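Shown next are two forms of a single protein chain, provided one at a time as structure tokens under the names structure 1 and structure 2.
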Structure 1
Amino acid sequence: MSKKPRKKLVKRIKIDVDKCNGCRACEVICSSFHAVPRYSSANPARSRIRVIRDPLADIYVPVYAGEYAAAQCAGRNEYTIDGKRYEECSFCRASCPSRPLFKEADSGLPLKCDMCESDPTLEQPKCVEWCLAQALVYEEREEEVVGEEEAAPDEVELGLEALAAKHGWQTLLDTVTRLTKRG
């Protein structure tokens, strides 16, 4: 395997909670963009960004949906910043059993921010475009990475699923175990 440094495009959304005015436009447009057909409905409950708000405590934290977690954390944290107490889980991106965030309202399936990946590629993610307050700012930069080429997880998943469909999960697992031991 090659260990040569390569360029990798890193996409980043910078979140400035001080600039958030609590409007939820990001939630509206994300849900609308991901509706099928596109823009055919709006529903913040399906959004992949949620603004955790507690207006009377002046708390506004836009949080992006991250990985699915099958179980909730063993311990939780509570932050106090500038005298404001942020409830446990305020900054967490997980779609996890402890809270209703980042799950499809009807099916309960987890939601995850995909940075609005689409064809053709958007100039910037939708939530960023609609946040005129600039609480969300999009940035792309190239980073040098050393190490193995990461396959896009979706492709691997797709491939595995296809194999499993053909041979069954057990056969697949057995084979993977055998091959990795050999390797």
Structure 2
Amino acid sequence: MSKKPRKKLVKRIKIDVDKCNGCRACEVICSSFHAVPRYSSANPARSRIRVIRDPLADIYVPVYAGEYAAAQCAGRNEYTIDGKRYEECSFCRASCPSRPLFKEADSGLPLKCDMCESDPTLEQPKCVEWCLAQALVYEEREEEVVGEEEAAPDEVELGLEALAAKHGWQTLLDTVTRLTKRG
């Protein structure tokens, strides 16, 4: 008996760098949406999307937070855009030990774009909704899952273990306790 192919819903934000004007509305609404309580503050340091900029060349590149990486990558490729060199890290979506981008400002916990999951479900992430330049476009599509997927360790668990290894379990527990008292 053959198995039915399984499908999974893939969500992503397509970025048109040529349309981004660097207004940073995406950063402000993201941090506001994820504030506790919701919309109580706007701190772009807590945003899950960041606009990387080169003001002299008038280049703006929105990058949204991806998966947590327990170790820094070995590759240090460089890209040249309009004559200026950029490190690969500038455009990387990962939260990793080698840079503070996409880490929660108070606790150091890794941030990841959750596409503004909420109840009730939103039609699209807030950053896409608030992007007046239409540089961000939300896209959903179904993909077939090929073969058997191995059970991956829960990424929250991996993130907590990495933070505990760096800061110690007690510091991690103290931070979580402090953050839960805020909400």
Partner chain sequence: MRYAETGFNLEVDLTRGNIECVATDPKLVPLHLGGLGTNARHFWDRVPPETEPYAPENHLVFGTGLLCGTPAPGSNRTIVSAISPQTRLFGYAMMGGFFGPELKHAGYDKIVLRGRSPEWVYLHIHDGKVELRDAKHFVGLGTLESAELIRQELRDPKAQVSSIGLAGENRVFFASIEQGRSSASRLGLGGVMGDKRLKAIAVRGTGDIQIAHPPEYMAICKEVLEFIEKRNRNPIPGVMPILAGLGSPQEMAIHDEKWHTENFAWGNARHRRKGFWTEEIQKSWTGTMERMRTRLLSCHNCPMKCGAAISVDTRLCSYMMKCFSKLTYTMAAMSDLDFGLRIAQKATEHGVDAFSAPQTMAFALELYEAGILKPTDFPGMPLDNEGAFYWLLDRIVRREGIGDVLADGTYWAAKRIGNGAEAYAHNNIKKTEQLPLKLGMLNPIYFLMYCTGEKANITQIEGNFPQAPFATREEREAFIRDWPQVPDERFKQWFVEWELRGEKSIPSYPTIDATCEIVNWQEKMHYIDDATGLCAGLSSFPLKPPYHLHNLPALISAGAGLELDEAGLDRVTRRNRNLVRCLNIQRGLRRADERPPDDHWKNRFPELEQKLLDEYYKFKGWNQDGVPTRETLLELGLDYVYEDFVRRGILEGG
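Rigid core here is just the name for the largest C-alpha set that superposes within 1.5 Å across the two forms. Each residue is numbered by where it sits in the sequence of structure 1, with counting from 1. If you're wondering where the values come from, they're calculated on a predicted model, not measured in any experiment.
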- Which structure would you label as the form predicted in complex with the partner chain, 1 or 2? 1
- Return yes or no for residue 174: a CA shift of at least 2 Å between structure 1 and structure 2, with the rigid core superposed? yes
- Query: With both forms fit on the core, has residue 141 moved 2 Å or more by CA between structure 1 and structure 2?
  - Reply: yes
